[in-house]
Ligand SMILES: Cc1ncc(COP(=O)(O)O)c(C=O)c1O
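The chain below stands alone, shown as structure tokens; this is the form predicted alone.
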Amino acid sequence: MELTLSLDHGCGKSLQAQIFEQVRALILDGRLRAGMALPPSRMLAERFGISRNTALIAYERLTAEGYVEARGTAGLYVTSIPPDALILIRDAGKAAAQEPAAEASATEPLLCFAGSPGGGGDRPAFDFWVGRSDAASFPLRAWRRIVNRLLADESGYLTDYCDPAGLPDLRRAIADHLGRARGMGVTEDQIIVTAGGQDALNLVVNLLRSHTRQLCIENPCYLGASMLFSSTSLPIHPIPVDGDGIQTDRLPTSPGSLLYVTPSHQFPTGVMMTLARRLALLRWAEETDSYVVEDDYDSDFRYDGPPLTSLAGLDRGRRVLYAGTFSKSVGAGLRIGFAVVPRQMWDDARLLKARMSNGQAWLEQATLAAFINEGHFDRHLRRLRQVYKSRRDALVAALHAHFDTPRISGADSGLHLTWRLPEGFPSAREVQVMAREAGVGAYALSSGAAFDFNGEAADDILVLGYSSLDERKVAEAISKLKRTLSSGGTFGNDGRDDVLSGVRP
């Protein structure tokens, strides 16, 4: 098969990203139908004068996101996507293109206030707590240089109020990054800068409050989202998660839902929502006049393939509101996150944000904007991916070295994975207590920032965040955990101190 592609070697977008997006568009537009074969990567490379590795990377991303599938040595073939899902995506694209961008309100920013975050706590020496970025990897040199320059040239902004929606330079930088990394065609007026990801979720829930009749949430889920939902007076429908993500056939058919999901790396299980489930979810939202909030908390870190197109990128700005954060990629101490809203909601979102606070600090926003625009952020992410991948590999290797065939989930991306304990082991809560006594922080689902609405969180799963421990500490921590479980005591009522099955001698 011959593919008609238009590759621009001079634009800022990589060639593999251009190939991915154009082939994806051909599939979603129905010009490449289910069962059609893609040309071999070697032929594609020769046809367009590119390296074969570039073609392979683009094909790997198409495969990872479910648009094509490998059939052994026969090559790659387009997968079957339901026709109604294709129609939904095409209609969404037309609507987004025809919908004019909302003009920013001329109203002066409203003066509001926001509380300040707390923190602290006694941590174990080897702490697998989730979502902690590595302090030693903070880009201090570049950050200090930008801060010094801003203070020398633009310090007058320190005495001004910021736009509640966020510094325009930062919103433009975020929009550009989302276009490159997450497949989202958004403009700066759709972005609201917030004090972290939780603040972005709070903004979205309140923005859609008058439209929402019931709340839906994946189960198990992120504790912060469950607390936010539980603080409302609206009925909550927990929707179970399996190996393909949220079970879309369990979503309510009544209109007016707001659904919370983490499709790229489900929290806490780590599973990635399949393309079929994503399309089914978008179809459900359209048919039930519902909205979806996508929490993309750690999607910058995908180790076994390129970043996935976000659910919001697939939706094209109709039913999915997006919550992002720089807490994992740069540092939680910055307290900078953001929400992406449909264009028709811009004015309402900006006024709501003004009631929540009068904007984030100018210096942090201006520094982050320059950090992104000058290319430091992309380089920082590339380095962090190498660092965190090495730590992920060390954790997986240590688990395999000390325990028989460990069942691991969610290791392809993000900053944590889950380990299902073998039969015969103590419960995850008991292991957490034993590990803490040995100086190791290993967390049961009920303690690792996760929540189960049914009160039935599996008590044989540990959540292990590896981003803040180097390879040596990871190996030592798992070795300590093994020794603790091998000689740590009596379980049951028979009085024996047996070495547990499943622990390597």
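We number the residues from 1 along the sequence you see. This structure is a prediction, so every number in the text was calculated from the model and none was measured.
Beyond the structure shown, there is the form predicted together with the named molecule, which is absent from this document and is the topic of what follows.
Want to guess which of 340-348, 406-414, 244-252, 289-297 is within 4.5 Å of the named molecule in the model of the complex, heavy atoms only? Heavy atoms within 4.5 Å of the named molecule in the model of the complex occur in 289-297.
When you measure heavy atoms, are Trp419, Tyr443 and Ser467 every one within 4.5 angstroms of the named molecule in the model of the complex? Checked in the model of the complex: no contact with the named molecule for any of the three.
Contact flag, Gly197 vs the named molecule in the model of the complex, heavy atom cut 4.5 Å: Answer yes; at least one heavy atom of Gly197 falls within 4.5 Å of the named molecule in the model of the complex.
Phe267 within 4.5 Å of the named molecule in the model of the complex, heavy atoms: Within the cut-off, so yes.
is_contact(Thr367, the named molecule) in the model of the complex, heavy atom dist at most 4.5 Å: Thr367: no, not in contact with the named molecule in the model of the complex.
How about Ser257: is it within 4.5 Å of the named molecule in the model of the complex, going by heavy atoms? Residue-level check for Ser257: no, no contact with the named molecule.
Give me the residue from Arg277, His402, Arg172, Arg335 that has a heavy atom within 4.5 Å of the named molecule in the model of the complex. So the residue touching the named molecule in the model of the complex, by this definition, is Arg335.
Pick from Ser310, Gln190, Gln360, Thr325: which has a non-hydrogen atom within 4.5 Å of the named molecule in the model of the complex? Only one listed residue qualifies here, and that residue is Thr325.
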